[in-house]
Each structure stands twice: as structure tokens, then as C-alpha cells.
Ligand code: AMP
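Taking the form predicted on its own, here's one chain by itself in C-alpha cells.
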């Protein structure tokens, strides 16, 4: 496995290995702090593609708070071990300035509910940054397939729309959300939680599971969501931003409950913002 730090060096690697745009190339974009969930994306890409590139870049344009950007975990050496074991061929870890070709910036994108509701409302400008950085990576790498985890469900919808508009030849592959043995959704942010915080974070996935289970027994989904939301709000260690049902393509808050495909949640635990979801 090779670690590459500049776009120019990556182009040289493409030339050296006779890789042309849209060859059987898989791409897994990450912000580092790799865990089992990332490894599962890389492993799937390795099975489905001839070569796999994993990007590692803590992208400044998708952070609303500088403190959150500064505190985001960074450890390229540990990430390289995980990526290599999962089958990665190249880690592309450019500086933001190299990828963006200068000072990183993101244009305002308004694609309706998919960019403006839920995460878009809670984190203004976040999806502008996501679109900007993935667009840049797609331009530089020209993958055949790009792999994204379903934990960031709305991000998958945004990237899918972006690919349809700007990179129709790239196949966006949604991969299953990965949980630990207790059911907690794996996230790089979990490393910032204490044992008590991790236990409290588990309440989010338990609430999602409860909705799925009660709906399966016949309870109306709206009633189940409302009851679970109120139960979470009663926990003083949690600060709930939203707990709601959505259609994973539209992400409209006005969609009828019969069109919901997932239940989604965002909450703060010990100053750390967490998201999770479950398919109905």
C-alpha cells in the first residue's frame, strides 16, 4: 500500500499503473480516525474493484464550529494500518489547499429539502462543504464506484444527487451501517466519549430499535416515534436535536409517515454530536 499526499503525485501513480478515468477503481472517502465501519467499506470496495483508493482529509469546509474541526481525531499511522489490512491500495491524504487548489471554500448549494432539512438545518453550510470536497475528489480520482456508509444517511442522499448532476458515470454505493456488539453505531466521534457517555449514547440506538420493533407489532409509526422522542428528551444527559421519520431520498419533514423509510436521530452527549438511523 502507498500513501500519497498530493494530487500531482496521485496523477503520477495513475500513469505508472496505467490507470485511466473510470477504470475499475473504487474510492472510499474518509476524514480519518478509521474504525471497523470504514474497514467494511474498504473491504467491500476491494471485492468489487480492481484498485481501491481511500482518501483521508479532515475537510474544513464542512465544519460549522472551529473547535469541532480542531478536536477531530487525526492519526495517519493508525489509519494506514486499518486501511492496509482491509485491502486498500492507496491512501490519498492531501492537504486541503492541495485538493482545493488554494484556500478551501465551498459554494452555497440549495437542492431543496435534501440539503436544507435535518442535518442541513442543524449544520448550515455542512452539505456545501460535503458537496465541494466530494466533487473535488471525484474530479481528481475519477472512480468507477464510490462507497459511503449509511450512518451518514442524509449525506448519502446528497452525494447521490451530486453525482447524478455532476458525475453521472460514478456509481454511489451505500453500505450498511455498522454497530458494535451492544448496538452503538460506530463513529470516529465515539472516541471522545467517556464510559458513561458511551452508555448514554447507546440510548439513541435503543430508541431507534424500539420504534422498529413496536411498528412491527402494529403500533402506528408516528405514535411510536413520538413516544420514543419524549423518552429521550426526559434523559438529562442527552440533548436531542431531532428524532423523526424520513424518506431516505427526499429528506422532507413534510413527507407522510407512510412514505418514511428510516427513523433518524441527532443528539449531543458530553459535548459530542452524534447521529444514527434505522431502516423501518
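Predicted, not measured: the structure shown is a model, and the values here were computed from it. Residue numbers count along the first chain shown, from 1.
Below, we turn to the form predicted together with adenosine monophosphate, even though it does not appear here.
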property	result
Touches adenosine monophosphate in the predicted bound form: residue 29 (any heavy atom, 4.5 Å)	yes
Distance check, residue 60 to adenosine monophosphate in the predicted bound form, heavy atom within 4.5 Å	no
Touches adenosine monophosphate in the predicted bound form: residue 182 (any heavy atom, 4.5 Å)	no
Proximity of residue 41 to adenosine monophosphate in the predicted bound form, heavy atoms at 4.5 Å	yes
Heavy atom of each of 148, 152 and 176 within 4.5 Å of adenosine monophosphate in the predicted bound form	yes
One stretch from 234-242, 250-258, 33-41, 210-218 that, in the predicted bound form, holds residues within 4.5 Å of adenosine monophosphate by heavy atom	33-41
Heavy atom within 4.5 Å of adenosine monophosphate in the predicted bound form - residue from 132, 193, 163, 186	186
Contacting member of 138, 72, 111, 100, with respect to adenosine monophosphate in the predicted bound form [4.5 Å, heavy atom]	72
